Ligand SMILES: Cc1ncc(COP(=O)(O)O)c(C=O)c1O
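Just the one chain here, laid out as structure tokens, in the form predicted alone.
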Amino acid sequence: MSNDIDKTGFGITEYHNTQEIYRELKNLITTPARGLKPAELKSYLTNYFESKCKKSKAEFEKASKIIPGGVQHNQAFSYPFPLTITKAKGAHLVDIDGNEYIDFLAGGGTTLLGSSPDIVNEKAKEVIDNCGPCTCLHHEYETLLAQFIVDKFPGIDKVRLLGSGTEAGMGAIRLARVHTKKKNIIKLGAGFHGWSDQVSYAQRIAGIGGLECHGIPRAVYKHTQEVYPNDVKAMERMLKRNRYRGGTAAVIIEPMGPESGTRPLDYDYPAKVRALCDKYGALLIFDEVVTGFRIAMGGAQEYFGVTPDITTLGKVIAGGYPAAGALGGKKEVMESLAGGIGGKKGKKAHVGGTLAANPLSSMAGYVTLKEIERTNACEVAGKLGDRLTKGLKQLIQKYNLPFVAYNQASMVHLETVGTVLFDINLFKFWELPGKIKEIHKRKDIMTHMGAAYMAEGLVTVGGSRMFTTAAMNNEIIDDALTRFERVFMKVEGV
């Protein structure tokens, strides 16, 4: 079946009804959590993981002796133990035991074209043969990739390639403070902008502040604040207050909503934040690490028609290769970065990294982005996200489940317990123990659902999110829905 679609320039066919999603999510978290029936979970553990994943289990046991937690990446862990993948091609993964999976993890969102595209692999061999993966000197692919990004993103006049989305977020905050000579950073509660100290505040759970950010001194958060998503009045109150507390250097948001859209934003919210930043003299940072080249070739900023001052990128821009990060922005802002010749005199923001902009990753990014544009991959993957979401909604209705499914282009959300949808109010300290206990209980149930998906041949992002890719087609999506149905049939109360 063909993936041919009418070109619109965007991966989103129709913007979701945000308020309806929140009504459904509120119902989900006020309803007792429903997970797998105990006997069905036991059956998956025994008949699949213990019987068919023996080599993965042995590999995990070996790794656990020398690697904290047994994995090097948090997305690699899954219940009851992580699988060891030996092959990734197109829309599928194969583990060390020979089991095949439909890949909705997509390298954590990096592989919009699917895993290991031939066109990138062929160029990679050429770069390795000619100069190796890293020289720490300039290569022509740096310029080609940078020019492509500048040409596509409305808010980027200049761009500096970095090693990761986390580094891009760190650099964006430092750059905003140097450029504005102000101190405070406002973020949305539950937003994820990498794992650096300052933005780990209020991470994944709104209102929680630094409560679960262990190992980070409280003083680090002195100039970091959060406001709840979609609350425009709260944003303005914080901006007003900060005028007497060192000013606001920047507001940083994920334009589709915190935690890759897990808390979706109203369609007009980014534009309202833009207006407030202009009113109070703050820079606007769009974290497009996930949305860049996935919502549109020019990111969510092209889709919304809202131009930020600074943009952070990652994931897709290195085509699945390491060193996937970039910091871009308006010319007058980017001139406050240190490095090279020219730019403003005076204080500069230092960023860098040995492997940043290495020839191999720059090539992979450039070739991948050109191929995404040529094949209309944003829209192809977005349409497949629509099809997966529609099918999940039909299954939820069929089995009368409280689950919630929605998508933002190729980012598909399937909330079965709503772990990150709880709001925390630190002033109501007497509520904290009960809420934290409920959150952790629901997280366990979610990991069990993720294990069931895995046993049915579906690799997801933590059991609650999926990325569709242009390597998929309608048949693969329909096959996946059949597998999801087998799991839903085993949920308590069905």
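Fair warning: this is a prediction, and the values are worked out from it, not measured in the lab. For every residue, the number given is its place in the sequence shown, counted from 1.
Absent from the display: the form predicted in complex with the named molecule. The rest refers to it.
This chain is displayed alone, yet in the predicted complex one of P270, G320, G165, G418 has a heavy atom within 4.5 Å of the named molecule; that residue is G165. Residue-level contacts in the predicted complex: of C378, M363, V290, L388, one residue has a heavy atom within 4.5 Å of the named molecule, and it is V290. Residue contact check for A324: one or more of its heavy atoms lie within 4.5 Å of the named molecule in the predicted complex. At a distance threshold of 4.5 angstroms between non-hydrogen atoms, G194 is in contact with the named molecule in the predicted complex. The named molecule in the predicted complex is approached by E254, whose closest heavy atom lies within 4.5 angstroms of it. Within 4.5 Å of some heavy atom of the named molecule in the predicted complex lies at least one heavy atom of K315. Heavy atoms within 4.5 Å of the named molecule in the predicted complex belong, among the stretches 293 to 301, 276 to 284, 185 to 193, 393 to 401, to residues of 185 to 193.
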